[in-house]
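Presented below, as structure tokens, is a lone chain in the form predicted alone.
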């Protein structure tokens, strides 16, 4: 009898895997525009709201040595055929129901046979004894799973969110906000819209001519990409927006960090100053204000989230120096636990105004955005920029909540 059970299980598993390989028909279309938002809008018009991003590439045109060039974005979208998807789902569910019934019969037969051989009088599967415990190991496990995992009308979407490294409590909250009784395609569309609404996107830093000097400080761990990010933003504001930009670096601990920024400053014709302590930083800020600078980008030394004294020293830099907008740079490659540790420690000590998700090109999948969504739900810090490489000034972008939501739902289920 055990052999009969195991053979049935193997057959069911093989059939289920075969069914999961059946893919619904998909229409694919590539759209080119100046921004991803423009591409998304055109895709919505031509393909409908259920279209998802399959791939994206950037083409740069014009410029001098890569500076001032314009980006054109080509995005490839795909949309599934709802009718094919519904038929495939119906057939798959019907086959699973048949397989489950067969397995239940085999399990009951195995228990009955074992009880007769040993002379025991086992209660039926799922029967409950007076003390509240089920009468056999199989039913105990079944009741435990039922108690821990209540029925989920959108189990597939829940699993996809979990695979995207979104915390389980947040997954349950998101799924609970989807109206019941929807088809898979409609529920996916509703979830994509919901994700885009939950994502927190920071307002762009607007520089008003003749306004007060804006100071942006960049904090984070060592090697996260703060210095390169500052060079990219300096190029954006000085070359594209034609603003008067200055840079101050306080990263005097890392070898050649100041020289790296100085080199970028020479190329971009942006003045770069070095400050060894708070007093020198205040002096440099006053000098930049006197020179009519509109924006100052402040680079700080990398700090470990587990060493509270250096973190406190960084926090002290901003006390009494006016309004300073702080950006916390976080690498996309961190594990969920490490990302929570970094964001939590910097949040409690420095109270950053926005996040920068760096090293997106080094992340293996889109789960980094799931971790980001979890961090935002916990700490309420909006996302200001994402960086996708080392090229200056190319590899930085302002985030799009709709594109990020589509990326989260494109995470493969393993």
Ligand SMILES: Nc1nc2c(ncn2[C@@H]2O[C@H](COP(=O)(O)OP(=O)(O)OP(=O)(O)O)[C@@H](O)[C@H]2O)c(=O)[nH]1
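Residue numbers count along the first chain shown, from 1. A quick note: this is a predicted structure, and the numbers were derived from the prediction, not measured.
Not on display, but discussed next: the form predicted together with this ligand.
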query: Sole residue of 158, 236, 221, 284 within 4.5 Å of this ligand in the predicted bound form, by heavy atom; finding: 221
query: In the predicted bound form, the residue from 389, 48, 382, 33 that sits within 4.5 Å of this ligand by heavy atoms; finding: 389
query: Stretch in contact, per heavy atom within 4.5 angstroms of this ligand in the predicted bound form, of 374-382, 39-47, 358-366, 342-350; finding: 358-366
query: Exercise: residue 302 in contact with this ligand in the predicted bound form, heavy atom 4.5 Å; finding: yes
query: Exercise: residue 225 in contact with this ligand in the predicted bound form, heavy atom 4.5 Å; finding: yes
query: Heavy atom of residue 232 within 4.5 Å of this ligand in the predicted bound form; finding: yes
query: 4.5 Å heavy atom contact, residue 165 to this ligand in the predicted bound form; finding: no
